[in-house]
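Encoded as structure tokens, the following chain is the form predicted alone, with no partner shown.
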């Protein structure tokens, strides 16, 4: 089996997203598609999956031209796609989500759940996938939800799997389990198209790699014919700059101090949490997603009420203050979910650059906003952070996921607040933008900001943090100092499975 895209061109108003691009995908092959945010990867796959019908060029299936009128046509030809943001209904079970829209009725028009369940269990056994079909999706981890999306494709007899940033929020262990599944798909002669920003993963699992930049195909070759360094340079069009890690003196002043904090979590045995961050310090919080990091951040921001204990910011007790009060007082927040918590995605780009500082006289007079000033400020951020957007009046929905993330980062770091809380700042970001955002974080730290960095990426914590703690089942480890075994010590606590009983002040 072979799928060919020939001379594909896509225009969005005045923007050429894909420029006369041709690619081929072969069975039994994992084909990595890499490039900067906005390079055209998702746009190209939207053509193959039938989401975008406004293009010129051809789609060939085994050298025969085919036409889609919707994704349903693509699905019927065995092409499936797992999007970066999952399309699942939390209130339904795994089984119900898998069959939704593809129910098989019996002679009387009823859904034969017993027969369907038997078929799906056979699929799970074939590909060595462990999944409880009766579990509600809302109770699943991110990795399990992603696997539900993939099982949906298998149930629909997908021969081509398009995976958009599939490991963006997976831990290293979850990623390895996922890769094992992909290798099984490869043995079954499926075509796997992997859209990713993680070059180490490209080198680890792919057979073929294609690099896009500004809508053009820069290179397409067998993995063994290229190198990691060459791929990185082809993605950004130049050598990656080295981070400027300036030596910063961490001041004694504690910007944030959490004392004996008890949270409402699903972990019955969790201990009170104690932590602090000083001026000019980056404290990393590592751990497998779902171990209490989100509850802790929500408590510090005032979104979640605490059971007991205190939160002090700049020596003021803010335990019972509102989220708005905390933000106005100077707490920046870069959330993990940019679409849900970071942006008003249906609003215009310029409207999203002003949040807490809307009351600033530069941007408003009483109830009236100064659109010109806000738009000038938006243009400044867009230029400084190299954010790709059609125009300031475009809806945020028209931006790529990576550029959405850069918009949130630009807005929050540009406030120059004393405390910045960051969750997975480079999720879904290309290799060039990762280096850029990391440098911006280090620069803001050099100005004296205290930064609480929650990240699933050990590399990120190793590069940025001055010290780190690990969260496991609602408990927090003793502070891990940055030394020659920094990464090793973090990893061992993440994977040890022991309950932490000490606090970081110990």
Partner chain sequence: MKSKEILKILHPTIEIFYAFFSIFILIFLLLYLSDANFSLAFKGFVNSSIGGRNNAYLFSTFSKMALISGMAIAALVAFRGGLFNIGGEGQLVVGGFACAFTGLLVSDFGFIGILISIVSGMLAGATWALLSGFLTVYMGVPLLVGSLLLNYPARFITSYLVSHPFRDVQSGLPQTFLLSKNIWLPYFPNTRLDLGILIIFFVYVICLIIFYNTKHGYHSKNMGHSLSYVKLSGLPTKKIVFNTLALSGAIAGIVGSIAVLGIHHRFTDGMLVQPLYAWTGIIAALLVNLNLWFVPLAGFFFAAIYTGAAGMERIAQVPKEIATVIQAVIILFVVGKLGSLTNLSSSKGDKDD
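Positions refer to the first chain, counted from 1. A quick note: this is a predicted structure, and the numbers were derived from the prediction, not measured.
Keep in mind that the form predicted in complex with the partner chain is missing from the display, and what follows is about it.
Close approach of residue 249 to the partner chain in the model of the complex, 4.5 Å, heavy atom: Flag for residue 249 set to no.
Contact of residue 358 with the partner chain in the model of the complex (heavy atom, 4.5 Å): Yes, contact at 4.5 Å.
Residue 237 within 4.5 Å of the partner chain in the model of the complex, heavy atoms: Looking in the model of the complex, residue contacts with the partner chain do not include residue 237, since no heavy atom lies within 4.5 Å.
The partner chain contact in the model of the complex: residue 245, any heavy atom under 4.5 Å: Residue 245 lies outside the contact set for the partner chain.
Stretch in contact, per heavy atom within 4.5 angstroms of the partner chain in the model of the complex, of 340 to 348, 124 to 132, 186 to 194, 249 to 257: That would be stretch 340 to 348.
Heavy atom within 4.5 Å of the partner chain in the model of the complex - the one residue of 394, 376, 219, 265 that qualifies: None of the other options qualify; the answer is 265.
Residue (of 288, 353, 202, 318) lying close to the partner chain in the model of the complex, criterion heavy atoms within 4.5 Å: Contact with the partner chain in the model of the complex is made by 353 alone.
Triple contact flag 324, 364 and 371 to the partner chain in the model of the complex, non-hydrogen atom at 4.5 angstroms: Verified in the model of the complex; spot residues all in contact, yes.
Contact set, 70 to 99 vs the partner chain in the model of the complex - heavy atom within 4.5 angstroms: Contacts from 70 to 99: just 91.
Cα separation of residue 342 and residue 139 in the model of the complex versus here, shift of 3 Å or more: Farther, not closer.
CA-CA separation of residue 89 and residue 340, closer or farther in the model of the complex than in the form shown [shift of 3 angstroms or more]: Relative to the displayed form, residue 340 and residue 89 move farther apart in the model of the complex - a change of at least 3 Å between their C-alphas.
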